[in-house]
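As a starting point, one isolated chain is supplied in structure tokens, in the form predicted alone.
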């Protein structure tokens, strides 16, 4: 199903024409030419990050990568409206949001290279690490928003999720709590039309934005490839939350032009004609056309944007391939805040397992035997601590 203009709010057409909207124009009246150019640069840089990370995965440097190709406006437009004290909860595809929040480029790809259990300290940048469990982050965002209420601050939490997540119980439960307690949270749904290989039309007979009012949450449906409409809608939702008027649900209608992840082959389930239709609605292309109509898309400007994108890509690649391999036993670090008998036993057994490889490599067998003896003693000690038997 491909939506028409009448189905959502649109301020910038695919042809780059600015269209008036009495209800939304005031919310982006401050977006002047320099800011529009900056937003364009953001989208180009993020697409370059996405392209470079995909190449790194294909070259064996990353285990997996979830592309966001086609969703740049939805992520950049919303993320650039947030304050530093707002807090973001995302799924695994919001790498553009991470870029806007100031996540170090290398930290973005740590998990996908298998070098860390998470990428960054959430409190340093106001953004939780990605949630892999579909929809779980909406509950986290709602809980955080309720905490903001208790603290008496006007900070807002924002939950990013896809169309597929709206069928999960977690999302529906989050909407119930947010509505009941008027939590200052924005539910930002990127309807990219495909939940892996399932089209949105199989799980939603009506627009996804129609679901939220049933929970008592007001909603908006916008053109997610229109960065101005995204900014306006997000600002409206943030103002509502900061004013004590509770949550808002935003359905940003966009399209995942790439695969679900680099392990996916969308040609097996998606019509090529559909992809071509959405390429014509490219979020970057329409801003490029608007800038050109304003006389701002000069050769000098283009060269500057390209140089920035190439530099960011080079930094990402360098950070990826120079990441040191983690120490094997570090996988047990920071799992629990207090000593845990089960984890200690597992660590001792893994130590013995690693020692067995050293024996095969021709190291002193006496040393290996001693290490194994120490490990066995550790396992027995842990068993006793746990209550006299194996856990």
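Positions refer to the first chain, counted from 1. No experiment lies behind these values; they were computed from the predicted model shown.
The discussion below concerns the form predicted together with another copy of the chain, not included here.
With the partner omitted here, the stretch from 301-309, 196-204, 221-229, 70-78 that lies within 4.5 Å of another copy of the chain by heavy atoms in the predicted bound form is 196-204. Though the partner is left out of this view, residue 292 does not reach within 4.5 Å of another copy of the chain in the predicted bound form, counting heavy atoms only. Residue 214 belongs to the set of residues with a heavy atom inside 4.5 Å of another copy of the chain in the predicted bound form.
Though the partner is left out of this view, residue 180 does reach within 4.5 Å of another copy of the chain in the predicted bound form, counting heavy atoms only. Using a 4.5 angstroms threshold between heavy atoms, residue 168 counts as touching another copy of the chain in the predicted bound form. Checked against another copy of the chain in the predicted bound form, the residues 104, 210, 239, 274 give one hit for a heavy atom within 4.5 Å, which is 210.
A single residue from the set 285, 176, 257, 296 has any heavy atom within 4.5 angstroms of another copy of the chain in the predicted bound form; that residue is 176.
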